[in-house]
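What follows is one chain in structure tokens, specifically the form predicted alone.
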């Protein structure tokens, strides 16, 4: 098969790495890709938000299967355009992608489905939002309604923080994503990520993980897109996973089908678990980043068979085969992240890294300039390792991270601390 993956981050590098291991994969193209992806696949410079351009490229290159990595092309309707061109596609329709693209839409779906989640209110007016916060008090959660690259959520522990978040959003800090806001109750408990494939009818769980959103050790500092993750999530017992399926995911999928927008793709369920009861924090309609890196390290080449079965509406014919293992990924970010950070700084020490089914450095924001790997984003590398225990995966990953020579980068030293 000729396979096209859309995206340029660590998630897409790990997807490409896993897909490449499957003998069904003949030619692999990633658009636009990055310096790490270029070592294992062909990279193509196309605008992945332009469904027409992607469809034309797929036709010209005899593509059999398209895997859409990030949320932006899904929200832009690229999956719909490709399906209309007769292509086999992994990723939900634009209508179904609203589960991530609009937090108020998701809340309305949860209300209709009876799925347990935080109480909330939706605002298009800053003054009304401020009044609501003053009435409710802190801690409270303020979310940009639209897509904000994982950064549009402010967990405000004080009233001042919450009011400042409203000002930032309505003043345009998150662009169009913050033109509307959702304000939620602050949920206590332990957070976990649950990933399921859905083909419109069948639901297949494909793993659990926990990530670290705060920039610095001890879960301090600003919220980021994720500074590291590990899989599986110890808090996601069989009983809690079943509850999440029965009380949250199945009712949501049924409601989406009832609305005429069945969901087909991967549903990333962010959950808050307290006293054995899961509640929904948010849905994403693509694999999490950096959780995907851990999942791909554990699933390997079988992921292509699972994604194909999902796209072809035959999930009932397959299952995910898990080894009794653990994976952990450390995000190495540019100093200053999640704020402004320098691009073009040189990274060395990558050529001496082990590279096998137990050790991989996935590239997230890199470029190759004059034969050197350079930083080209905020989150730059994902150092990922697998072991028989989480402690073993942790030890391997940190040994790899210490081999990287990049004075302009930083990483947390405590990924996995909660489980360890």
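Given the structure is predicted, the values throughout are model-derived calculations rather than measurements. Numbering follows the first chain given and starts at 1.
The form predicted in complex with a small molecule exists for this protein as well; it is not shown, and the discussion that follows is about that form.
Picking from 280-288, 307-315, 237-245, 250-258 the stretch near the small molecule in the model of the complex, with a 4.5 Å limit on heavy atoms, gives 280-288.
Although the partner is absent from this view, residue 131 stays clear of the small molecule in the model of the complex, with no non-hydrogen atom inside 4.5 angstroms. Contact check for residue 219: every heavy atom lies farther than 4.5 Å from the small molecule in the model of the complex. Mapping the unseen interface onto this chain, residue 213 counts among the residues with a heavy atom inside 4.5 Å of the small molecule in the model of the complex. Although the partner is absent here, residue 196 sits far enough away that none of its heavy atoms falls within 4.5 Å of the small molecule in the model of the complex. Contact annotation: of the candidates 87, 272, 350, 76, the single residue with a non-hydrogen atom within 4.5 angstroms of the small molecule in the model of the complex is 272. For the residues 206, 110, 72, 118, the 4.5 Å heavy atom test against the small molecule in the model of the complex is passed only by 118.
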